[in-house]
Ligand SMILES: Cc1cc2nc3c(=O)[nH]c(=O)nc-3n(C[C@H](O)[C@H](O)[C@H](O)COP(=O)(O)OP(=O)(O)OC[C@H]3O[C@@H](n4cnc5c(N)ncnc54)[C@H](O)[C@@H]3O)c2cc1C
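Starting off, we have a lone chain in the form predicted on its own, written out as structure tokens.
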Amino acid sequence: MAAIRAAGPGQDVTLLEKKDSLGNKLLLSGKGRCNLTNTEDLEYFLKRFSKNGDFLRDAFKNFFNRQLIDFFEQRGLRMKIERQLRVFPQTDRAASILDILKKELLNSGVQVIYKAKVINLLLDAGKVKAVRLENGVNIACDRAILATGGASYSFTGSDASGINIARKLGHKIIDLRPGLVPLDVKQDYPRRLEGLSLRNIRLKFSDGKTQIISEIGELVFTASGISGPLVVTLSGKVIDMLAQDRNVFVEIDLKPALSIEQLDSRLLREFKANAKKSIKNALKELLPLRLIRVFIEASAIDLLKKCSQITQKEREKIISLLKGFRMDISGSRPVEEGMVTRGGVSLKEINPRTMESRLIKGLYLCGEMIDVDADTGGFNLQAAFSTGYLAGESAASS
């Protein structure tokens, strides 16, 4: 988008692509469907960013969700709005988005050079004068846009190389951390439950003082912890808690629609109707089969104990676990496995009205390599397109 916009005013624009094809990470977005943006209004949009959303106000006012949707629809690709106002191409294929961008590069006269790994920018009196490639070739230019992504999914080419170039040029880099990432837990439950999805549950993360409570949604057990929409959405806040050396735990409310009193009444009915059944078999009405053994072990009740033998204290323990099945968070998966990278080039060193570096004349920075990140839902991609568009426009008109 930066290259397309820069070429609009008739500039001579070259796009340097490290890989042998364009848009490798874009093709993975939205599970291959590309959640392009979200139709929420500007103020709501900004609130979905972890801390630095206000920096994007100028970029969004210049090029926002409606303009992004129009960009693709005017070129023949229809969009559709799904739950939570998420926008997808009607084809359900991220490749459809990439095809439009590639055609527009061609129509705009942008020269694309593949397998061109940039290792540095050359300066003259504090201004950009050339781009140096790994093969030793220097490409002369008076303006350069760094749009190289973060450090997540490095196999796509997003390996923090552009961030490192910015660092070499004197920019402050906010520590890179994973965003929208699975979390690890100390207990061995996940290993035993790997692949199991729990739907219509609620999560409460806590360090004993601060609480983070999720909406009702889905959780998935991984080999080392937990994932799924609820987990990845809140993972950044949990990681921030862990970074302060706090002991963080999660409680899974397996029955958020039922109160403690309602659960107690239901258990009494179930146990009375199935007095001769073991507690293991009786819980089949309440829990997924794979979870039952782990759940009962956590309750310290004999698996084969009959319902008629369950004491009030044991029933209270079962209810307590149904409303708060606890696991201790040990950390997160590495930044490589995060859907987005948190941190990056400090926003204090970027002009929000132009995306130009405050340190180097003719250098523009945009996308995931700068210190902005948001929840899932199309917000991160919109930020990338908007900052790219603004960087391209500013570079072309400077």
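Numbers for residues come from their place in the sequence shown, where the first is 1. Nothing here was measured: the structure is a model prediction, and the numbers come from that model.
FYI, the form predicted in complex with the named molecule isn't displayed, but the following is about it.
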query	finding
Full three-residue contact with the named molecule in the model of the complex, heavy atom 4.5 Å, for 16, 29 and 367	yes
Which of 159-167, 75-83, 217-225, 318-326 lines the interface with the named molecule in the model of the complex (heavy atom within 4.5 Å)	159-167
In the model of the complex, the one of 339, 360, 347, 46 near the named molecule [non-hydrogen atom within 4.5 angstroms]	339
Proximity to the named molecule in the model of the complex, single hit among 286, 198, 110, 118 (heavy atom within 4.5 Å)	118
Exercise: residue 189 in contact with the named molecule in the model of the complex, heavy atom 4.5 Å	no
Residue 35, heavy atom within 4.5 angstroms of the named molecule in the model of the complex	yes
is_contact(residue 380, the named molecule) in the model of the complex, heavy atom dist at most 4.5 Å	yes
Residue 235 within 4.5 Å of the named molecule in the model of the complex, heavy atoms	no
